[in-house]
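Heads up, the chain below is alone and in the form predicted alone; it's given as structure tokens.
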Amino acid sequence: MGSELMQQIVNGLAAGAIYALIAVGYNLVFGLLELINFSHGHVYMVGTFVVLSLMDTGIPFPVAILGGLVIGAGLGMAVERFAYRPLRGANRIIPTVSAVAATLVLENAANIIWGPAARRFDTPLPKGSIEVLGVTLTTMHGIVFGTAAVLAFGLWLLVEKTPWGRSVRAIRDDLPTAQLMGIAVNRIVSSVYALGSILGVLAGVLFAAYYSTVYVGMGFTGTLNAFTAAVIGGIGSIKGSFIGGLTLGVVQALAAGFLSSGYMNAITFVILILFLIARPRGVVGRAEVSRA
């Protein structure tokens, strides 16, 4: 029983690291404009399918990833430019509807291009494993967790220690004042969407490599898990996103291992509702100041 529990925790930490990476990009956008980017998960899904399609044509895995990142960044910038920017400052329900429309466009386009069936995703990544105290640790566990941790830490450094990051924080705190200070708000916001999408596609590639599959429905579950992880950890906190992602991954793994995988989305919704009611700022989230 003890080794089985530890195995589920290890599996959950690996899955949670993927959720954390999606949530970090999602939280970056949400913390900037306080808008729920429903299309984030679908951008990560499309980018992952692009990587698969490029590999199917014989393009090497690293080059295919680069192609997927370029497409993902372009899609993120297009969503911001056409679905969000024209509605900036409007009642929040209006850009939300626009975001849902963008999500439907991406989902239906993916269904038309790749079909609704799951596709196998094979990579040249090593697949070795070792057993420690009855717990199987695979190479993919290390790759997933290590990559997610390095990327999340790199994003934290970018946001906290660079002029670009100072501009992002200024826009997050007070967009009108940031404009008056001469910050190129549209360019910074567009770059944030691009960066968030790049992190999402990288998370999608890790997800597909870890589970050896890619499917259109991962767009919805990606958005759900990213939002839940961001709420658990705290909106606007990169560290919180990582904590939230790991927490969600472990809880889902325990539910799948000891109950049934069919309960995973239901449990995710329950956790989301509980945090929204009891602790809407999350574990380490900062207090928000309402914008006029």
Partner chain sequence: MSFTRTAATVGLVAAASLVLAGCSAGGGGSDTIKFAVAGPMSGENAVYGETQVNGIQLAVDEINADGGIDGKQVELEMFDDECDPTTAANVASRIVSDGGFEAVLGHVCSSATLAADPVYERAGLSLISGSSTSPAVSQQGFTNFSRTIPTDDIQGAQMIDFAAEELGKSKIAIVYASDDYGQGLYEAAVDQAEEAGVDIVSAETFVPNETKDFSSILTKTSASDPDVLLLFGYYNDMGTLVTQISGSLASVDKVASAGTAQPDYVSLGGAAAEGTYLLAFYDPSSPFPANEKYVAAYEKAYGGEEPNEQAAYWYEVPYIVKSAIEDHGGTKETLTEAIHATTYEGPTGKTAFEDDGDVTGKTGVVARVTDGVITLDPELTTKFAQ
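Residue numbers count along the first chain shown, from 1. Everything quoted here is computed from the prediction, not taken from an experiment. Superpose the two forms; the largest set of C-alphas matching within 1.5 Å is the rigid core.
Although it is not shown, the form predicted in complex with the partner chain is what the next lines describe.
Stretch-level contact analysis of 206-214, 143-151, 174-182, 68-76 against the partner chain in the model of the complex, using heavy atoms and a 4.5 Å limit, identifies 206-214. Under a 4.5 angstroms non-hydrogen atom cutoff, the partner chain in the model of the complex lacks Ile243 among its neighbouring residues. A residue is said to contact a partner when one of its heavy atoms sits within 4.5 Å of a partner heavy atom; Thr138 meets this definition for the partner chain in the model of the complex. Although the partner is absent here, Val251 is not a contact residue: none of its heavy atoms lies within 4.5 angstroms of the partner chain in the model of the complex. Taking the partner from elsewhere, Leu52 is found to have every heavy atom lying beyond 4.5 Å of the partner chain in the model of the complex.
Taking a 4.5 Å heavy atom cutoff to the partner chain in the model of the complex, the contact residue among Ala118, Ile113, Leu125, Leu157 is Ala118. Counting a residue when any of its non-hydrogen atoms is within 4.5 Å of the partner chain in the model of the complex, the hits in 254-273 run Ala256, Gly257, Ser261. Superposition of the core reveals a Cα shift of less than 2 Å for Pro62 between the shown form and the other one.
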